[in-house]
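Just the one chain here, laid out as structure tokens, in the form predicted alone.
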């Protein structure tokens, strides 16, 4: 199977099972592109998530575009991006039939049953990133400082990212 077919298969699967948005499917994306296909290392995947966060657009779509480009150039990027939105497009199209024929209340009930699943998927994605990115005493300290700055000092995410990046780079240059 060529790389373009593999990209299409993997990102169609991500789009098909991507309940709950970007954060909820981080664990799935990581499983497929790090563990199953071995297209990325754990650290490269964390970089993809970080880049996807600071670029406009949904996380999964940005990740698909970046990984597709890394694996197959511009054509790979187009295939991965298109494949990641194809399954949700089909699902929404089919779901619209049910909304019109079985009633919005039953659809709302079904979607509310997905909430615990979405929470579990978000926690799984968080854990998969934390276990690889918090690896020494400095990274643990920086993690807790970032939490404090976000929740107690009410810093914006942009300020926290800039602060953490600058402090991390200074630490890396001085001690590594």
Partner chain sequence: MKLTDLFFIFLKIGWLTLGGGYVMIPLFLEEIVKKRNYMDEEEFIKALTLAQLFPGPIAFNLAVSVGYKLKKIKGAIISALAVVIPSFVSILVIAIFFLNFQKLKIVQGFFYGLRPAIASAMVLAVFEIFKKRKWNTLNFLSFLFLSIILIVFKINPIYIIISSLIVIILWVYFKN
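All figures in this text were calculated on a predicted structure; none of them were measured in a lab. Residue numbers count along the first chain shown, from 1. Here the rigid core means the biggest group of C-alpha atoms that line up within 1.5 Å when the two forms are laid on top of each other.
Beyond what is shown, the protein has a form predicted together with its partner chain; the following relates to that form.
The shortest heavy atom separation between residue 34 and its partner chain in the predicted complex exceeds 4.5 Å. Although the partner is absent here, residue 1 sits far enough away that none of its heavy atoms falls within 4.5 Å of its partner chain in the predicted complex. When its partner chain is considered in the predicted complex, residue 77 lines it closely, a heavy atom lying within 4.5 Å. For residue 83, no non-hydrogen atom is located within 4.5 Å of its partner chain in the predicted complex, even though that partner is not displayed. Along 140-176, these residues reach a heavy atom to within 4.5 Å of its partner chain in the predicted complex: 142, 143, 146, 147, 150, 151, 157, 160, 161, 162, 164, 165, 166, 168, 169, 171, 172, 173, 176. For residue 103, the Cα coordinates differ by 2 angstroms or more between the shown form and the other one after the core has been superposed.
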